[in-house]
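Before any questions on how it binds or moves, here is one chain, the form predicted alone, in structure tokens.
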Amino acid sequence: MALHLSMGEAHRRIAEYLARFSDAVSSQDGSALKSLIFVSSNSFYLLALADALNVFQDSSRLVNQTDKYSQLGEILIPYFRCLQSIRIGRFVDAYVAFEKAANAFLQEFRNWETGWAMEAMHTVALEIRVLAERADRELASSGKNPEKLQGAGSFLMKVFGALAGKGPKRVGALYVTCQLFKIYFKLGTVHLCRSVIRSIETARIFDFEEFPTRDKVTYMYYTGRLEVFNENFLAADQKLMYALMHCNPRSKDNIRMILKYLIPVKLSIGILPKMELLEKYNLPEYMDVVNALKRGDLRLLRGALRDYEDRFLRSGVYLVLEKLELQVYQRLVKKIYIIQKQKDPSKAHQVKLEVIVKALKWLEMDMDVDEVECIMAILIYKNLIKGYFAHKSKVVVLSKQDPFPRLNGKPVNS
């Protein structure tokens, strides 16, 4: 700990760090440089350096007294202040210092012709987001306006601009895009994603297949979530399936995150997951939803939505799941039709509204004939049921050919 650290040992640690940082830059060793600025790694080396900085208070003199260090002083001096602040738990001060260091690093990065420092630039992008989140929690706890994450987003847009050129650095742009997505989703400003998405998907300088697989998976996960929010289920299915198929199969947590959004999408287009999948990836909130769709059990669906309401609302899929009611009604009418067909095949296609009302009452769903009539009209309009409604006799007359069309991977007609 810092309390037992001598001044001489503190000086030695700081001098050693400066030498390693300078050597990493001069030899263009991106991996070594990354490890020297990876604050959130909590590495023993950086913790020991922070202790040394809190003992030896004049580290800026060490930086400025040597030419090869002073050239990097605008990065190193605020970075040292950041480490000191983190060590004593002052995250707002740490963020302010890190942002200065990050801007200076970005300026140097622009001047370097090749992308040798890409790993380090990505680490800066990650760290500024993580530090901003911690700083905002500190601000909020003291009753102040949490604004640092917004500032981190502005910085990352500058980084994106530096990478969006025709040179070798462009392959690093998708990682920064994903960090921006994380900020925009956290702040609830997902509309800001659109301009970055346009740059990635329409700019001729980018070839999506050039990007690292890890970044493509994250990108497809977030853009897939955006499509879910916009209820573009076919596009959401395509993007989230890409993320799932290319995700590392050992990354169980990441697969679970993808499935949290992919399952509601699949349900919306008439594809039900197996229970084994839900059990394997610990997604119990979807079990009753799936069973409700299989059985035509409206009570079960509403119960699941009630029991897991907070979880579904946080994920942003509650309204998507709520709209599954129409499929549940379709399944209920189909079950009535199957029972009638076994009793009297000649009249199976005529389903009385009062029978549907009784079935719903058995499920403890209290609806009158007029409400059921309205629902049947919607089912016919949305092509979930083929047939017509005989208003006078209060009967749904089903088509004798394919009365219950399958969705076959397509969403319910709007």
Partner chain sequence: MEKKNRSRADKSGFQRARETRRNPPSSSNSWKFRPPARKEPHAAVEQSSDPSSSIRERSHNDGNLYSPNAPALVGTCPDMCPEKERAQRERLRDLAVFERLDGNLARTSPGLAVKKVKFHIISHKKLGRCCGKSDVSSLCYLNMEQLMKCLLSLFDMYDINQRSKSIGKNAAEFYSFYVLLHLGYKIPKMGDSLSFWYSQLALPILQSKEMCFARSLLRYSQVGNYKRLFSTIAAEASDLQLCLLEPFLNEVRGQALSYISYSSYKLQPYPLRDLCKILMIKEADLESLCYECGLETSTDEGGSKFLPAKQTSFRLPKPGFQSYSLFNSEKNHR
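Just so you know, these numbers come straight off a predicted model, no measurement behind them. Numbering follows the first chain given and starts at 1.
Although not depicted, the form predicted in complex with its partner chain is the subject of the following passage.
- In summary, the region of this chain contacting its partner chain in the model of the complex, judged by heavy atoms within 4.5 Å and restricted to 96-104, 279-287, 154-162, 319-327, corresponds to 319-327.
- Its partner chain is not shown here, and in the model of the complex it never comes within 4.5 Å of any heavy atom of Thr213.
- Contact annotation: Asp29 falls outside 4.5 Å of its partner chain in the model of the complex, judged by heavy atom distances.
- Remark: Ser195 does not count among the residues lining its partner chain in the model of the complex, judged by a heavy atom distance of 4.5 Å or less.
- Residue contact with its partner chain in the model of the complex: Thr202 places no heavy atom within 4.5 Å of it.
- Heavy atoms of no residue among Glu16, Ala19 and Gln65 are located within 4.5 Å of its partner chain in the model of the complex.
- Of the residues given (Gly188, Gly167, Pro249, Gly89), Gly188 alone sits with a heavy atom within 4.5 Å of its partner chain in the model of the complex.
- If you take 350-378 and check each residue for a heavy atom within 4.5 Å of its partner chain in the model of the complex, you get Asp366, Met367, Asp368, Asp370, Glu371, Glu373, Cys374, Ile375, Ala377, Ile378, in sequence order.
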